[in-house]
Every structure is written in structure tokens, then in C-alpha cells.
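Next up: a single chain in C-alpha cells, the form predicted on its own.
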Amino acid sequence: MDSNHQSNYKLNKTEKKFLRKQIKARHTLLRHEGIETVSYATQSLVVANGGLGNSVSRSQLLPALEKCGLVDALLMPPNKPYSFVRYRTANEAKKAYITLNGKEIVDDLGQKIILYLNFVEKAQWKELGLQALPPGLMVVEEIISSEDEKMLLESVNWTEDMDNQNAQKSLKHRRVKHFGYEFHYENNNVDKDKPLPGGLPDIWDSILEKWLKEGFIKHKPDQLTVNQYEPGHGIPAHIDTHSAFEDEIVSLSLGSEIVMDFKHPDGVTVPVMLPRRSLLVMTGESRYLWTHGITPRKFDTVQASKGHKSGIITSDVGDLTLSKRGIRTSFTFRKVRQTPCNCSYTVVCDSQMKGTPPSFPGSAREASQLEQEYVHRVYEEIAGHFSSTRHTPWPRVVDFLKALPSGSLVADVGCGNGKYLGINKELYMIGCDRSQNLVDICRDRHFQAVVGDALAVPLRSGSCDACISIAVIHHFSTAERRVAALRELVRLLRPGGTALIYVWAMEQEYNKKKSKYLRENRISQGKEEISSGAAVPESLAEQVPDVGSQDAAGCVAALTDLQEGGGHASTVTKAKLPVHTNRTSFHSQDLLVPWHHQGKPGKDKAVGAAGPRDPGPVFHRYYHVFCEGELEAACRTLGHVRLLQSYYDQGNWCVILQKL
């Protein structure tokens, strides 16, 4: 709506509602994406809600835009809920602004979406450099004929009796059959001593012989897994267990194309198109080091150009659109390994890993030892690399600090590299961290910081007007120690003082929305931040949570214990702590999270994330991820405290409490 037009008459109710939403869209683009709109007409517009991330394809949006004038370019960034359009003239862009603002279109899912347009100086998007396929990965197009495809699909009997000799299962998101050996998803392995009767179906003999003869495979497989995926289904990112299978893993895609995501430990993500009737071959680095998975969604972002089939989905935002998924059946062939793996990727090889994961602590002494080895020592080692990935403050933490009265004394307990210490120049802030190397980084930045434990902060009782504890308390390994850390924050506060506390959430999808931790690729797209470490709540960045009943019961038990004033450690002791798979949902509250280190240990300088490099050492940090209500329940065990606010913020549970 034209601002001059608005001033000439009083807006009706509908127009007021539209104007509010348009302003909200403008503010959201600025706050979350750094896109600044202008109030005067230009050739370029940003179209809020008109993006690939909103299930709006190029073929739907472009015709509506072209009705208003000659479109020079339509840029649609991947996974974003907006797009940019550039018209030949400013008058044409103004016509689109007036005509399409508030216009309703139907997305590829059949849902109605309202467009909100705003002028920008330039329609631009910083594109990624050209990527290469992961080393050792090959996609062979049209490996079989359409007639063979039909025959192979019809050979799979999904209706046969469940007692059949071949293991057939209906998993949560797909149907599965196993031949040769059953693949156990709970440990990504097979029982080598229990082969399934019958081996691989005879129909595959001639096909496998042909692939061997043509050099596409080097070993004749003895294990086959058939997966049937409906649109909207996927498979979590994973690496096939080194000790279970030989180097070569191949997968045939029938029925429909799919985009599979490959991720390097450095954070580089490469989306690869697997066309219908194509063969994916993974060997070497792509098989042993990169994870591969399929994001559960009904549409894939693909190249719009007709000539593009297999290979990398590039970041050319002028050539991206959506492709609706169909029913895809994959046939994955493996050769079961009979000897330990001796690959060169020792940091991720289960055959060559040294030591075993620690057990859940059964006493205060064991808890302290666990934290010393899997929290304190790790942060001391990775301080420089960790700091290089920690430079963007979280908006609601900034809001809390900026709302404090001028002259307030504020303690940042667990300050890390001090990224919050300079947010509000009107405050007197002091940081405290257990890591000497991180404190040294704070001092290099001319911040006030001291080395100290969050259970015994070296500051006088009642001396602080406010405290913040951001992503710290989840590193304490028992309920008693987590409550003690909260109590220490309260000790520092004067009466009336407030504390803001953030902890990592078990629920990485909340109100049907995934956290950034699950959503984001590590490669930045445009103005997105590059984060080259491992999975940590800091990056606030594809799988839907699948919390088992046992873990859910554990959440309830922990909450009940806290609410009854117990605050006692879990009775589950001596169980080995699981190692989390980065960028996936949590399946346990207590776990070890890998950090793939880059650079020299200690106070190394900032490390870039330009592309894959030789894997550095992998460190594991202990985390206790909090269930909904658990942080509030812990706060209620404290005396002389009022809970002012509790909320969920991008994969974290958060509270603001006040000392009475």
C-alpha cells in the first residue's frame, strides 16, 4: 500500500491488519536476515512468504510477478521463506508492490499464502563457491532401464507374511526389508553369525555381475536393505558402521528422484541429486568420514534448468525451484566385513577408537571427574576454535542486557569468549569461566574476566544487580550439581536482582517448528553465519525428534524428583553415555557431543571453514539436555526466588528469576 495513499484517508480494519503484517515482515527480515528495506520505490523487491522455504516454487511465483512487468531476475535462496525480484523499471516494481501486496497464492502443498512486498536497494544474494562431490562418491545415471525398474519394484512383496524368512519391518517413517543379513538400526550393525536364509534374491545376480564387469562395484555384496520412502519421509544423517561393512556401499534409487545430504565433520554440507534409476557409489572418504541422510520433507530444492540431473545442487539462487517427491524405493548393497576396519579415518572408526565412553556418574566424586575430563579439559583444548565460532549474540539475551538500568553490575557466569560482555556499554560487566584459555581471550578483548567455577564464583554475595548463565548449567552431570549452580547465581544477586538462564533443550522441535540446530547447514548461505565446530546450542542450527518411551519416562522421573524437593541424581548409574550424532534429535538426556577440532590445541587463532580438510582430533563434551519443565522445577527448589518468566528459544529452555 502506498504511504501517500494512506495519508489521504482513514484506513479500514482490513487495511490496518495488512499494514501491521507488512511492517512485521519488514522487521523480521531485518532482525533475522539483516535485509534492510527502504520506503521509496526501487527496481527491486523482497517478497516475504514467497520463498522455497514456504513451499512456493518458481513456477508459481514468477507468473504472478510477470503480470506486473518485465522481470529481470527472480532470486530464490534455498530454504528461505522469501525471495528477491528485480524489475526492468522502478515503475513496474511499484506496480507489483501495489498489486501483489496482500495477494493470496496457493503453495505446492495446496495451502494459501499471503505475500508481503517491500522495496530494497538491491536484489542480491551472496552465493557459495562451486562445490565438489565428496571424495570417493559417484552417481551413475540410468544404470538400469525403465523395464528393469518395473520388474525390480514388482519383485518386492510388501504384503507377505511377517514370519517370512527375510526380515521385514515397518519403521516409523518407512517400510524395510533385509536380505542376506538383517541390519539392526539400534546399533547400525549386523549379526555376522546369523545370516538370513536364502541370501540375496536371484533376480539380482545378473545385474550385480554386470556392475562388477563394468567396474561400478569391486565386491559382490552379500547384504541388501530395501527401503520404501513415502513423500515427507527421510532417514537421519549417519555413517555406515566401519566394522560392519567393507569400503564399498552402493544404493540404487527407483520410483522417484531424491536429494541426499552429505556432511563433512568440518560442517560442509553438499546436497546431491540422485535421479530415478541412478546408482550411488560411496567409497573412501565419502563412505567413512561424511554422514549421509535424507531430510524428511515433501519437496526438494532442485535446479530449475532442464539439463541438470545428477550431482550437486548448486547455490545459484536464480536457478532453484521445488520438486515434489514421489514414492522412492532404494536398494542398498553392502559386503559384510569379516575383519576389523583399518581405514585411515581413525578418529571416526569404531574398530580403531581408543577407550570406551564413560559411565553415568554414580557419586559426586565421579560427577566431578566426568566434568573435569569431558567439559573442563575439552574447552581448554578447543578454546581458540570454539571462540572462532562464537561471535553472534542471541537476540533475547541482548534484549535482557539492554533492558537493565544504566550502571548495573552484571556477572556473566560461564562467559566463554566474552561475546556478551560488551553488549551494553552502560553496564559494569564481569565474566567468569572455568577455562583459563577462554578467559585469556576475554582479556585480549579488553573485557573484565576471571577464572572460576560456576559452583563457587569468586564474587561477594549480594553484589550483583543481574547475572546471566548462557549454555552452562547443562554441563553439570547430576541434578544436585545443576541445582547448586542455580543456587550460586542467586547468591550473587542483591534482593530484587534478576538472572537469565539458558540450557539446551531435549525438544529440538517445539510447536511444530524445528530449532536452528536441526535446520541449518553449516555452510553459510548469504548472510548466514558459518559455524565450523560441532553440534552445540550456540549455533542455534534435520531430523524430527523421536524420543523413546524410556527417555520420556526419565524426563518425568527427573521432574517428579525435583518437584518433590529431592534434586537427586538419576538412579541409572554405570550405563555408558551415548555419543550424539551432530545435527540430529536427542535420544537421551545425558550424552557426549563430538567437537571436531580445527587448528592447534589451546589458544589457537580463529579457524576458517572454507571447505573440507583433513579431520583433526575429535573431543567429546558432556551435556545434560533439559526436558520441558525441568529447569523451572529446579528453580522452584530454591528459596527466596520468584520465577518471572520461562520460555523456549531456538532449542533452549530459558528462565528469568528474581531474588526476593
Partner chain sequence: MKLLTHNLLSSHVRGVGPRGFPLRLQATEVRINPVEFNPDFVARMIPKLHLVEVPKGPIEGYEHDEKFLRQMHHVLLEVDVLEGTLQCPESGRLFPISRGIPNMLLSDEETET
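Just so we're on the same page, rigid core means the largest C-alpha set that superposes within 1.5 Å between forms. Nothing here was measured: the structure is a model prediction, and the numbers come from that model. Numbering follows the first chain given and starts at 1.
The same protein has a further form, the form predicted together with its partner chain, not shown here; the description that follows concerns it.
Per the 4.5 Å heavy atom criterion, its partner chain in the predicted bound form is contacted by stretch 426-434, the sole one of 331-339, 249-257, 89-97, 426-434.
Though its partner chain is absent from this view, in the predicted bound form it lies within 4.5 Å of a heavy atom of just one residue from 111, 344, 206, 406, which is 406. Residue-level contacts in the predicted bound form: of 618, 62, 41, 30, one residue has a heavy atom within 4.5 Å of its partner chain, and it is 30. Although the partner is absent from this view, residue 150 stays clear of its partner chain in the predicted bound form, with no non-hydrogen atom inside 4.5 angstroms. Within this chain, residue 323 is remote from the site of its partner chain in the predicted bound form, having no heavy atom within 4.5 Å. Mapping the unseen interface onto this chain, residue 465 counts among the residues with a heavy atom inside 4.5 Å of its partner chain in the predicted bound form. Although the partner is absent here, residue 362 lies well away from its partner chain in the predicted bound form, with no heavy atom inside 4.5 Å.
Taking its partner chain as positioned in the predicted bound form, the residues of 431-455 that bring a heavy atom within 4.5 Å of it are, in sequence order, 434, 436, 439, 440, 443, 448, 449, 450, 451, 452, 453.
Relative to the superposed rigid core, the position of the CA of residue 421 differs between this form and the one not shown by 2 Å or more. Core-superposed comparison between this form and the one not shown: CA of residue 458 displaced by 2 Å or more.
Superposition of the core reveals a Cα shift of 2 Å or more for residue 368 between this form and the one not shown.
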